[in-house]
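Below you will find one chain, with nothing else, as structure tokens; this is the form predicted alone, and questions on how it binds or moves follow later.
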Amino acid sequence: MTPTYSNLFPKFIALKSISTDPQFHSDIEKTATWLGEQFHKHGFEYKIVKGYENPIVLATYTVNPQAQTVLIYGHYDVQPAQKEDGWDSDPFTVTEREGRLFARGAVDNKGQILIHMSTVFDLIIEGKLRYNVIFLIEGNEETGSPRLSDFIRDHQDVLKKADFALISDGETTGGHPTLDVGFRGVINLQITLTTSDRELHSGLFGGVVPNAAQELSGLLGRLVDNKHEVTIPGFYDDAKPIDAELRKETQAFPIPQEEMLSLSGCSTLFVEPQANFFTKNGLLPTLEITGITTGYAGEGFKNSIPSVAVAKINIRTAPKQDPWKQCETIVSYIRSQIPSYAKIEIIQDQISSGILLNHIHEYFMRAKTIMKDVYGKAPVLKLCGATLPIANDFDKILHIPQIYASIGNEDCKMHAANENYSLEFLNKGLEFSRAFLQKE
């Protein structure tokens, strides 16, 4: 680690900037203020912008009016964490062991955005900074960035000065440096099925009245067949067949599927012969039941027939699919499967498009070359199965090319207990950032 990074990292981590819990709002405010102070110390013009949910830090540094400008995005908010969740140490105190730094936000995203911040700070001091720099660091990524699009539209006067964007908020793939070239979209739905206005005695009414738990379970079971394909008509529209060139790229990944199986902790992968893990994860839509609440699950037995059952469903749409159209298709199908004696309520919580990024531009090619030099192996061009709404915002609002350089270790346990940053990958990230951002 560089001295600048080593100094700032534990201070950044110590700020409990948990965006999913309102009780940490004061910590959110302190974190934005702390970031502003770091930029001020290094000669940036900065402002902490409020009115878009949690504060957004916008900082600019001009090294040369004739130089190109890079927009670097990151987020300072983190997922909840407490030692009782299974952490081996205090999640907000950096702990080094076995060649790793353990802390909440170590990779997602404090550790990665700080790599670029600390590198820029050092290059300013050394007089070696290649680009003018704009930092956009938000505090709502973990809650879906609900107002970020509005912020970007309202601050185009500053943000459109950027020639390209650089984002590091992901993981490497099989030990290979990774450049993400696409993301899936997302839809979150909550389904509430009701069969009665009260729970009923299972001995007095069992077998002759509808059971909300059984009705919803049956519906959910019919959404996916025994080949693990989603049964909803139109679900795969605009996603199949897979483009031959994209299929070729994903099948050429130098990472064996056995490694992905090991990372999953599962005993099998549902992958058809003509595809592989990365093809299915990056290019095809999926539907996952992420939660079910119904009946009594406490100690002992209640012996009542549930009258209400709730399920949460997460859909990832293919990069080229329209998620609003898909949402309408899915909701319509689910409603058609509900018997007349049951009532259903469907709430849509989040929806965002996927994207296939242009990766034939000078900035991407430069990053690709530098990554190969730093890591000693060519980067994987990955279609990421996750969703990153800001990719669409930068594309559709700012119209600038983007580089998604994922420099976190694959086994970082993002969002889980004992999140960690491998020192090997952290140092490679610092090396990449310096090589990319410094003058030649």
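Between two forms, the rigid core is defined as the largest C-alpha subset superposing within 1.5 Å. Numbering starts at 1 and follows the sequence shown. This one's a predicted model, so the numbers in the text were calculated from it and none came from an experiment.
What follows is about the form predicted together with another copy of the chain, which we do not show.
**Student:** If the cut-off is 4.5 angstroms on heavy atoms, which of these, 189, 101, 148, 166, is the one near another copy of the chain in the predicted bound form?
**Tutor:** By the 4.5 Å heavy-atom cutoff, the listed residue in contact is 189.
**Student:** Which one of 321, 281, 140, 132 is close to another copy of the chain in the predicted bound form, taking close to mean a heavy atom within 4.5 Å?
**Tutor:** That would be 281.
**Student:** Within 4.5 Å of another copy of the chain in the predicted bound form - does that hold for a heavy atom of every one of 221, 286 and 303?
**Tutor:** Every residue of the candidate spot has a heavy atom within 4.5 Å of another copy of the chain in the predicted bound form.
**Student:** Taking 4.5 angstroms as the cut-off for heavy atoms, does residue 389 touch another copy of the chain in the predicted bound form?
**Tutor:** Outside the cut-off, so no.
**Student:** Would you classify residue 97 as touching another copy of the chain in the predicted bound form, given a 4.5 Å non-hydrogen atom cut-off?
**Tutor:** No.
**Student:** State yes or no: in the predicted bound form, is some non-hydrogen atom of residue 209 no more than 4.5 angstroms from a non-hydrogen atom of another copy of the chain?
**Tutor:** Yes, contact at 4.5 Å.
**Student:** Using a 4.5 Å heavy atom cut-off, state whether residue 204 contacts another copy of the chain in the predicted bound form.
**Tutor:** Judged by the heavy-atom cut-off of 4.5 Å, residue 204 is in contact with another copy of the chain in the predicted bound form.
**Student:** Where, among 140-148, 71-79, 263-271, 118-126, do residues come within 4.5 Å of another copy of the chain in the predicted bound form by heavy atom distance?
**Tutor:** That would be 263-271.
**Student:** Which residues within 373-412 place at least one heavy atom within 4.5 Å of another copy of the chain in the predicted bound form?
**Tutor:** If the 4.5 Å heavy-atom criterion is applied to another copy of the chain in the predicted bound form, 373-412 yields 384, 385, 386.
**Student:** Once both forms sit on the same rigid core, is the C-alpha displacement of residue 348 at or above 2 Å between the shown form and the other one?
**Tutor:** It does shift by 2 Å or more.
**Student:** So, does residue 175 move by 2 Å or more at the CA between the shown form and the other one, with the core held fixed?
**Tutor:** Comparing the forms between the shown form and the other one, which are aligned on their rigid core, residue 175 does not shift its C-alpha by 2 Å or more.
**Student:** Superposing on the rigid core, do we see a C-alpha displacement of 2 Å or more at residue 285 between the shown form and the other one?
**Tutor:** Yes, its C-alpha moves 2 Å or more.
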